[in-house]
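Just one chain is shown here, as structure tokens, and it is the form predicted alone.
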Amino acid sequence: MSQTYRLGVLDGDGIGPEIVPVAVRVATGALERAGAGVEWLPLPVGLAAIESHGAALPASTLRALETLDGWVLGPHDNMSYPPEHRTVLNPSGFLRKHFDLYANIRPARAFPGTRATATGIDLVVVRENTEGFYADRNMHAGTGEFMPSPDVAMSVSVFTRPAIECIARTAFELAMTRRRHVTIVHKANVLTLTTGLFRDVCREAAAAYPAALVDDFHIDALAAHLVRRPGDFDVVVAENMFGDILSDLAGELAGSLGLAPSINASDAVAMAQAVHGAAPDIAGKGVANPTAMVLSTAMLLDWLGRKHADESLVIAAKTMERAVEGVLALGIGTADLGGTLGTAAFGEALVGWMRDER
């Protein structure tokens, strides 16, 4: 038995309370099989936390997270919050900023048995998570958006060498475990100083990885190339908003945002979070696809295993990934994939696959 890790469970809003328990259920089965120890700690967040604690991210939740090895965060739907709670950072944005979760790792690959638009896609978008064009995350205080008059709205983007160096290093280290190809995303023909700095610092970082193939594209051109030839890309490194947009595109090309996982990581801690949103239109119906949340949780276990040199966590993560691959390959899925199973039933199919694999 490996050491016991303490992981938070934050269901979130919308479909979160349906898909997060499925991810924990599947992870628990994989962990037990691998002989790995995890203590799950449920914590309030989102609209339910507003109703019970008066805040979408209660101080008690934040204090608890500071003591944990990582956590699983469900999607948020801050538009459903009372008006006074919409003017502050949403829980996800606050946690990324508070814990300096500078690296948002978002894989996109087509699984056999799914209706992927791009059957050859297998890439990872490495998204800088703290600066760039998202004005709510790039300021020490305030949001970076302001209105000098009722008819004029402005925002400030921030690009710094240290943050770019961190995300570039993350991208190249990941690429060295894959196909050794890094694509840098920018718009330096127009945003010369800001995204030009991003491009140039990433290029400088490439010098430490002579075995890597490096190229760069304007954001609009890369979006077109992803549609036309997605199989040609491996690791794509981008600033905050560009990475968000491209990873959504890549997720849909791979078959569905319901298949799109991610982790947000600093050097010390990581948070599992599916790429998709809270989908309030289907919340409570039991039809949401939990795959992205399951795979995000697997990514968290893999990250923890590699950080702590704990092979049992890595094995548990791989077991979860194989279960997803195996079940989807059989044509079993939720409605967004053309299947017939509901959320909980799909989770049980994954657990059953792991049991039968023995």
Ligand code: ATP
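These numbers come from a predicted model, not from an experiment. A residue's number is simply how far along the shown sequence it sits, counting from 1.
Below, we turn to the form predicted together with the ligand, even though it does not appear here.
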Query raised in the report: Which of these residues, V214, I245, A188, L257, gets a heavy atom within 4.5 Å of the ligand in the predicted complex?
Result: L257
Query raised in the report: Using a 4.5 Å cut on heavy atoms, which of G144, G196, G277, G113 is close to the ligand in the predicted complex?
Result: G277
Report task. Tell me whether A27, T297 and E348, taken together, all sit within 4.5 Å of the ligand in the predicted complex, counting heavy atoms only. Result -> no
Requested in this report: Tell me, yes or no, whether A23 is in contact with the ligand in the predicted complex, where a contact means a heavy atom of each within 4.5 Å.
Outcome: no
Query raised in the report: Though only this chain appears here, would E84 touch the ligand in the predicted complex if you measure heavy atom gaps against 4.5 Å?
Result: no
Query - 4.5 Å heavy atom contact, M241 to the ligand in the predicted complex - result: no
Report task. Examine A288 and determine whether its closest non-hydrogen atom to the ligand in the predicted complex is within 4.5 angstroms. Result -> yes
Query raised in the report: Looking at 95-103, 224-232, 196-204, 277-285, which one sits within 4.5 Å of the ligand in the predicted complex if you count heavy atoms only?
Result: 277-285
Report task. Determine the residues of 7-26 with a heavy atom within 4.5 Å of the ligand in the predicted complex and present them in sequence order; the list may be empty. Result -> I15
